[in-house]
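First comes one chain, alone, set out as structure tokens in the form predicted on its own.
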């Protein structure tokens, strides 16, 4: 079995999973109006991390490792998140049996506009080297960059590495930042909401961007507590519909869910909760509702976290899985921020308030540009 040993989230709402989760549980919204002409010439809503806190906490980390090198904002986020997850896991990151997977869509894309770092620092492979070298990990970091399914795909890949016997432990870490490149791109698609996004709501009018880092540590060894959660199955599928628009029938998502369920060995009626991608764009939310409906899971409680933290791109699947694991530990499902009136064609059970429920098996969904889709099943285990 593949166990989730520990996790961490660095977001606009906290620098740990528990801090972020507590803020979300209390209904705090991390999306704020941003006025930064270096990113975009007009104000725009986004979920931004506290840069002063990041620099302060990273300085403590760098001193611990006697490291005086310069690091980018993204690298600091990743390194700090990994360190916090490691601290709780008991996993030896210097072991050859511990691998690292980094999930990101754009990496250090902001370095295209600065000469403060070597030119190769913008490359994703170089990001992997920087992270591995900081912790003296003997393995070359694996980079997964497949649009917005990158996080879920990275977790599924980590589970496969452990199940194959290649590694005993896998560190899955993901991060993206809100940059000029990213904001300009989504603005060109006319896909950003002028306010905090409203997943699955009738008045939804686009997504909100966010930046975050998150880390999950997976292992073939269980923790000695009552909260053992395991990776039961995962899959991906491409609907080949459009470079930026999902299949109108939810075909790719439908296939990914079907394969993940079959790999898990569970039945659809055993799924207690669905953590959707839920970007709050008209076509994404509609497509996801169709995929859920086609599998007969209309009554299964569904939520999206993006109304709190925005769309964190390559970090989203890792961030939202960490939130899902905390929901399972607390047997409490989080409300979908911004959801007031049902706005998708098919009825699905979107959560409008925090709801206590015994959670044993859950589905995580993800979708992205290029027709990419991924799904993952996690469940509690006493073994």
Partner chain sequence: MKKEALKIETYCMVKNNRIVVDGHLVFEDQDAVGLKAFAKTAYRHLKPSYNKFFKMDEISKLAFVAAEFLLKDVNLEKYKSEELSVVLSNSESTMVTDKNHQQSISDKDNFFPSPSVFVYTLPNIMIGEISIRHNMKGDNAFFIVENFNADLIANHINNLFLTNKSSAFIGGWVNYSDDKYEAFLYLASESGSILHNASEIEKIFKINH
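Positions refer to the first chain, counted from 1. Predicted model, so just to flag it, every value in this text is computed and none were measured.
Keep in mind that the form predicted together with the partner chain is missing from the display, and what follows is about it.
Proximity to the partner chain in the model of the complex, taken as a non-hydrogen atom within 4.5 angstroms, holds for one residue of 87, 242, 96, 227, which is 242. Think of it this way: in the model of the complex, the partner chain has a heavy atom of just one of 296, 194, 185, 282 within 4.5 Å, and the residue is 185.
The partner chain in the model of the complex comes within 4.5 Å of a heavy atom belonging to residue 41. Of the heavy atoms in residue 14, none are within 4.5 Å of the partner chain in the model of the complex.
In the model of the complex, no heavy atom of residue 268 sits within 4.5 Å of the partner chain. The partner chain is not drawn, but in the model of the complex it has no heavy atom within 4.5 Å of residue 173. With the partner chain omitted here, the record of contacts in the model of the complex names 101 to 109 of 302 to 310, 101 to 109, 68 to 76, 213 to 221, defined by a heavy atom within 4.5 Å. In sequence order, 122, 123, 124, 125, 129, 140 are the residues of 116 to 140 having a heavy atom within 4.5 Å of the partner chain in the model of the complex; the partner itself is omitted from this view.
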